[in-house]
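Before any questions on binding or motion, here is one chain by itself as structure tokens, the form predicted alone.
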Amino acid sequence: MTKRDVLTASTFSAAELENLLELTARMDGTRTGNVLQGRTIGLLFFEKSLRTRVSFEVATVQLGGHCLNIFAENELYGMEPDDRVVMDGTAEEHVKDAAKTLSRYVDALGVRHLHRSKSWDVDRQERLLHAYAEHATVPVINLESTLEHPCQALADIYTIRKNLLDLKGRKLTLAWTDHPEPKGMGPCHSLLHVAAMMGMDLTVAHPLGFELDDEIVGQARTTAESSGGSFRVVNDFESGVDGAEVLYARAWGAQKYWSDPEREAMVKRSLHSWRVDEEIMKRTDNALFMHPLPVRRNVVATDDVLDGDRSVIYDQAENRVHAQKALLTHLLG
């Protein structure tokens, strides 16, 4: 079998995405299986994780396999991703050696790594993630990176389709929301990829200065239009949510202030109104409310919205298990 990595949501063709969603639906409600009997999935976490770690472990166990979690802060040496480097600094191990060693132990390798340096251009290259994919001889799965979170996107688009059934031409708004920290863009970029492939009418609403990655936005726009959907960006919260059938709230940091979080915090002092409340929800077309969690209650969205009848935040979390069972079956079955 040829090794297949899943580093971005765009790695899937439209037909492959459709097959994964159908497989996810079959996995939904199925508790046991033997697809991964005798196999081990290794997960490397360079950041904290709750839903991704637990859902992957549950998915693996339900398929008859074993999951091994490795936490970088306590269990890994400092890693060097670049080749031909004289390693006389803080890094004690090269990614090549770790990846090739782990490939002898596990049947697939997940990596979560969100790097924030002084340069967006450097961080968007995701050198550590790509180094693991280059040197591992088993499939590498992105568990969230600076640019992408494909596993979250699979669960999200499955959640939307389970509720709306036919997605072509349905209106989804991805809305920036206030947050005291500069959050990553991964879930947003991956969601745009898969929703565009399904032909949805996409709106991205954010304040000026909080643009998503130009290259990914351009790809999503092209994909949406070629799939029979549409794509627009607005800088007004209210007009962005008007008529939405799905309202996906998510905070993300600004490339403009990537090297200056204090400046970003100052700018956001005037943006506290970018919060989803009952009045915002009334502007939608009885929209599903979505958020990938964890969420800052009454900052990103009010309790009434998060706990309301149209909120599907816990369905999203549950569907991580089903979507990841489908993905693991697709890669290793």
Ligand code: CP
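Numbering starts at 1 and follows the sequence shown. Keep in mind that what you see is a predicted model, and the values were worked out from it rather than measured.
Keep in mind the form predicted in complex with the ligand is missing from the figure; the text below concerns it.
Heavy atoms within 4.5 Å of the ligand in the predicted complex are found in one stretch of 95-103, 191-199, 224-232, 149-157, which is 149-157. Residue in contact with the ligand in the predicted complex (any heavy atom within 4.5 Å), chosen from Ser49, Gln62, Thr302, Thr284: Ser49. Though the partner is left out of this view, His322 does not reach within 4.5 Å of the ligand in the predicted complex, counting heavy atoms only. Interface residue remark: Val267 is not counted as part of the site for the ligand in the predicted complex, having no heavy atom within 4.5 Å.
Gly38 falls outside the set of residues with a heavy atom inside 4.5 Å of the ligand in the predicted complex. Among residues of the shown chain, Glu126 is not one whose heavy atoms approach the ligand to within 4.5 Å in the predicted complex. With contact defined as any non-hydrogen atom lying within 4.5 angstroms of the ligand in the predicted complex, the contacting residues in 285-311 are Pro292, Leu293, Pro294, given in sequence order.
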